[in-house]
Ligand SMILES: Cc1cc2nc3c(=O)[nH]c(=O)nc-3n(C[C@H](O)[C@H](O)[C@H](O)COP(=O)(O)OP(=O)(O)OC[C@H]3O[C@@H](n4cnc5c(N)ncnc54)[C@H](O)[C@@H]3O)c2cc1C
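Below, in structure tokens: the form predicted alone, a single chain.
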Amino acid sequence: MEKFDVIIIGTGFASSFFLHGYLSRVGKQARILVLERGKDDSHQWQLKHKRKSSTPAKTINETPDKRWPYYIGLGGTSRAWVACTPRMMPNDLQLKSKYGIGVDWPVSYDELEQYYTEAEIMMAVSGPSDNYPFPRSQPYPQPPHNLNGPDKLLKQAYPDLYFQQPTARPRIATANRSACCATGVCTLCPADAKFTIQNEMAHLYQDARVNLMLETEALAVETEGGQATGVRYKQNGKEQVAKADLVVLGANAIFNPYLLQRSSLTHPLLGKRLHEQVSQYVKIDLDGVDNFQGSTMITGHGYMLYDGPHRSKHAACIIENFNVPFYTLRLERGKWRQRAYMKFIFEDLPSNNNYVAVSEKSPHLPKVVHPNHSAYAQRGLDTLPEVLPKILAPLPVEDVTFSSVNDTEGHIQGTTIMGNDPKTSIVDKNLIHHQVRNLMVLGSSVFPTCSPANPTLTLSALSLLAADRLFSS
């Protein structure tokens, strides 16, 4: 039976950014095993087959009106994300002490800032150059994308609250990626421009110290005497066990708790508080202002409804303004481009009623239960018709149409939350399991609350922090 220094489960953002940090700090003799359930479907394969993965994603969703999309294979959901990379705001991490709701995170924005910067450099993030909605120690590595016509009017009216969206869709080509083509089909980028694990971090899995096992399903963490001893896995229909001094779970917020539950590592909150943002689209017909001059899919980012005392009563909201023909073309002669299409994304308060558990009917699969988002998020959504006219006042608005609430944001969060108290959290601020101290849990499953901001940059920064602190503690 082989013995490794560390076994890592998964190859998505959380695992790959941790692996980057780990490899930069260990010697040449380190032995690392990485288990990946899917295949290495190349970008060319994905384009040819018009699919993100050849490995099906299987869960039992007991509330199917709520979708939880994810993709399996080398790079995880990086092969399908849209590459939006805003940071969280400082107050997102201290909701309880600031606004009396939710809980505070055990890490502060100041602690995360250097790792945010490192992750942005690795992703070659394009972001605003004039000022920022959150504190920064250095400028973005890539210049901002062009704003479109409606963006420019909103930027003029809200200079400190409206910005170019930070994104890992590059404005300038990198060594491995072309510039963003601005066609808006980012989930399967035709130009391979957006950052993915496959196009920028595949070298990690070619390192001589790393043994990558594809088409290998992790089944459970093996423990003895309060310590993790290895991982039980299945490959080619055969169950085996690999031993390690350290085990790292880097799956998503469905499979991280599921693996812990299958490992008989119990906790009252394990699998609980599954959550994500709640969003709604708004179509805005304009009188005399053209759209579609921007240089990426989502150009503008609005913070007019984000932070402030209202968060003690209802959810904060971030605004995205789209810049693609599919959304913005208007089928009226002479007004083809006179439409804005915005998404309003609200935070949610996690609830124990939303959870992941081992299915009683099919123990080899997790079941997902999410009856509804919180009343706190709904109160935020309910304010939108009232506040929207003021927000859109800088635009010559002809008509406004609200969509129904979206069934997903594609952000699976919660279920193995981080905190200082072992009674109310699964992992500590360094992402180490409170009871099993040589077991780490990475990714957005550790998020104790839900910012309006996309989670990927934050979970990547947390993985870099966890790797750093593993060696400095």
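We number the residues from 1 along the sequence you see. Keep in mind the model is a prediction, meaning the values are calculated, not measured.
Absent from the display: the form predicted in complex with this ligand. The rest refers to it.
- The chain is drawn here without this ligand; in the predicted bound form, the stretch among 34 to 42, 415 to 423, 57 to 65, 428 to 436 whose residues come within 4.5 Å of it by any heavy atom is 34 to 42.
- Annotated contacts: 252, 410 and 454 all touch this ligand in the predicted bound form [non-hydrogen atom within 4.5 angstroms].
- Checked against this ligand in the predicted bound form, the candidates 154, 218, 274, 377 yield a single residue with a heavy atom inside 4.5 Å, and that residue is 218.
- The contact with this ligand in the predicted bound form, taken as any heavy atom within 4.5 Å, belongs to 71 out of 344, 71, 162, 322.
- Mapping the unseen interface onto this chain, residue 80 counts among the residues with a heavy atom inside 4.5 Å of this ligand in the predicted bound form.
- Proximity of residue 294 to this ligand in the predicted bound form: non-hydrogen atoms within 4.5 Å are absent; the residue sits far from the partner.
- Although the partner is absent here, residue 450 is not a contact residue: none of its heavy atoms lies within 4.5 angstroms of this ligand in the predicted bound form.
- Taking the partner from elsewhere, residue 316 is found to have every heavy atom lying beyond 4.5 Å of this ligand in the predicted bound form.
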